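Encoded as structure tokens, the following chain is the form predicted on its own, with no partner shown.
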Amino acid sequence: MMVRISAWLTVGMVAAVIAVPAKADIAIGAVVPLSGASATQGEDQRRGIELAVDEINAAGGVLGQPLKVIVEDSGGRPPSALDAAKKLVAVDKVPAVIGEYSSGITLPIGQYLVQEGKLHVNIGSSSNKIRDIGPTAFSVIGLEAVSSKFSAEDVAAQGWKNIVIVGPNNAYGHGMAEGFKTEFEKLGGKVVSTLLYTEGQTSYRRELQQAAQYKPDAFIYSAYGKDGALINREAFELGVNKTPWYAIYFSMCTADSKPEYVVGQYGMDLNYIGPDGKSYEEAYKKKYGADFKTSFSGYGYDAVKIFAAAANKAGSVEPQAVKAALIEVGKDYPGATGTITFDAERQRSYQPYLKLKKTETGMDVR
């Protein structure tokens, strides 16, 4: 009898062990453009996010549990992005969402997330308006106040005095144009015209011909991937590219363009690898068998990693607890994209950039 009871207990104990559930995932969300004009940049953001999750889980996860990032496609459209953010909050119950890419999309989803008491981490947008999203919003990427001064000084160093600005007619385009103009005119330059175009057109020939009439020393432009590809092709076909072109965020403007259309272009871009980023670069190449598509993947990577570090420090994924920990972690955090320090408004206070020129043989860092 005792043997049978012992056997029964043994079987029951084994059954109990078998029935122990696996540790539940800790989930956060991401909204990025996996389709639409900025799909190339969005896919690079997704890759950075994926690599961060791989590393975090290999090291034990967050609070001892596996981390999962639920990635939603914005389609590059504000309504779709907002629907995605609402789904992540209402259905997936995430405490934090990272994204988007375009400032005109990042602003409404960030505002919604703050209203809902969730954390928002900007990984791709630079409009100065992002600074005002709200108390639970952070940026791991520098805003226009930082980038405009850098690009204006670089353009002035080329000896160009009279320039035309070309950019999208949205929150990012307005901020880029205004910020560059302010900084460039401080240096004695002149903006003879600012041309803001409608995104998603089938042709930009009219705008290019209009801009060319001003006969500037250079065109300063910024464009999302697919729009940039069309602008660069038509500028090449019209001969407008014989005047120097300077790209603000070079990989955004040219990643979808044929190389022959952008040879000779100058530009600036995010410094996507900092002193602590070499291992990330090697992991990217190993996993995807290629170099970075754009300069934006590292910011998705850094956002996930810094969230995980803050959650582990806080001992919680509750938004207010993670917010407090993020402020502490975000003091000289060694990100793949360089040192990240948040200012008093939770924005990246210093952003390293690169000076670039496209040549026949590749990309030169000037």
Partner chain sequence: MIPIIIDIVLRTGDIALAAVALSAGYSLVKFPNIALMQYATVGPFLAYLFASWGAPLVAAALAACIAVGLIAVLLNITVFDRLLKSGSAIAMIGSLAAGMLFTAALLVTAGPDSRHFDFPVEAPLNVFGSPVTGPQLLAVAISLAAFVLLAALLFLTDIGRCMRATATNPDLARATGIDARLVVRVIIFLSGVLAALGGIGIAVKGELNILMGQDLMLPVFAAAILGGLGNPMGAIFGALVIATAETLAATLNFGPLIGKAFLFIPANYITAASFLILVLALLFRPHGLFVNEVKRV
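Numbering follows the first chain given and starts at 1. This is a predicted model, so every value here is computed, not measured. Under this definition, the rigid core comprises the largest set of C-alpha atoms superposing within 1.5 Å between the forms.
What comes next is about the form predicted together with the partner chain, which is not displayed.
Engineer: With the partner left out of view, is residue 292 within 4.5 angstroms of the partner chain in the predicted complex by any non-hydrogen atom?
Structural biologist: No - in the predicted complex, heavy atoms of residue 292 and the partner chain never come within 4.5 Å of each other.
Engineer: Within a 4.5 Å heavy atom cut-off, is residue 244 in contact with the partner chain in the predicted complex?
Structural biologist: Heavy-atom contact with the partner chain at 4.5 Å: absent for residue 244.
Engineer: Looking in the predicted complex, any heavy atom of residue 201 within 4.5 Å of the partner chain?
Structural biologist: Although the partner chain is absent here, residue 201 would touch it in the predicted complex, with heavy atoms inside 4.5 Å.
Engineer: Classify residue 207 as contacting or not contacting the partner chain in the predicted complex by the rule of any non-hydrogen atom within 4.5 angstroms, answering yes or no.
Structural biologist: Because a heavy atom of residue 207 falls inside 4.5 Å of the partner chain in the predicted complex, the answer is yes.
Engineer: Identify, from the list 162, 182, 158, 169, the residue with a heavy atom within 4.5 Å of the partner chain in the predicted complex.
Structural biologist: That would be 169.
Engineer: Have a look at 145, 218, 195, 191 for me and say which one sits with a heavy atom within 4.5 Å of the partner chain in the predicted complex.
Structural biologist: None of the other options qualify; the answer is 195.
Engineer: Please determine, with the chain shown alone, which of 244 to 252, 149 to 157, 259 to 267, 133 to 141 has non-hydrogen atoms within 4.5 Å of the partner chain in the predicted complex.
Structural biologist: The contacting stretch is 259 to 267.
Engineer: Scan 227 to 245 and write down, in order along the chain, each residue with a heavy atom lying within 4.5 Å of the partner chain in the predicted complex.
Structural biologist: Counting only heavy atoms within 4.5 Å of the partner chain in the predicted complex, the contacting residues of 227 to 245 are 229, 230, 233, 236, 237, 238.
Engineer: Once you overlay the rigid core, does the Cα of residue 104 travel 2 Å or further between the shown form and the other one?
Structural biologist: It does not reach a 2 Å shift.
Engineer: After a core superposition, would you say residue 95 shifts its C-alpha by at least 2 Å between the shown form and the other one?
Structural biologist: After core superposition, the C-alpha of residue 95 moves less than 2 Å between the shown form and the other one.
Engineer: If the two forms are fitted on the core, does residue 283 show a Cα displacement reaching 2 angstroms between the shown form and the other one?
Structural biologist: No.
Engineer: Can you tell whether residue 107 sits closer to or farther from residue 201 in the predicted complex than it does here, judged by CA atoms, where the change is 3 Å or more?
Structural biologist: Residues separate in the predicted complex, at least 3 Å farther apart.
Engineer: Versus the form shown, are the CA atoms of residue 255 and residue 290 closer or farther apart in the predicted complex, given a shift of 3 angstroms or more?
Structural biologist: It is closer: in the predicted complex, the C-alpha atoms of residue 255 and residue 290 lie at least 3 Å nearer than they do here.
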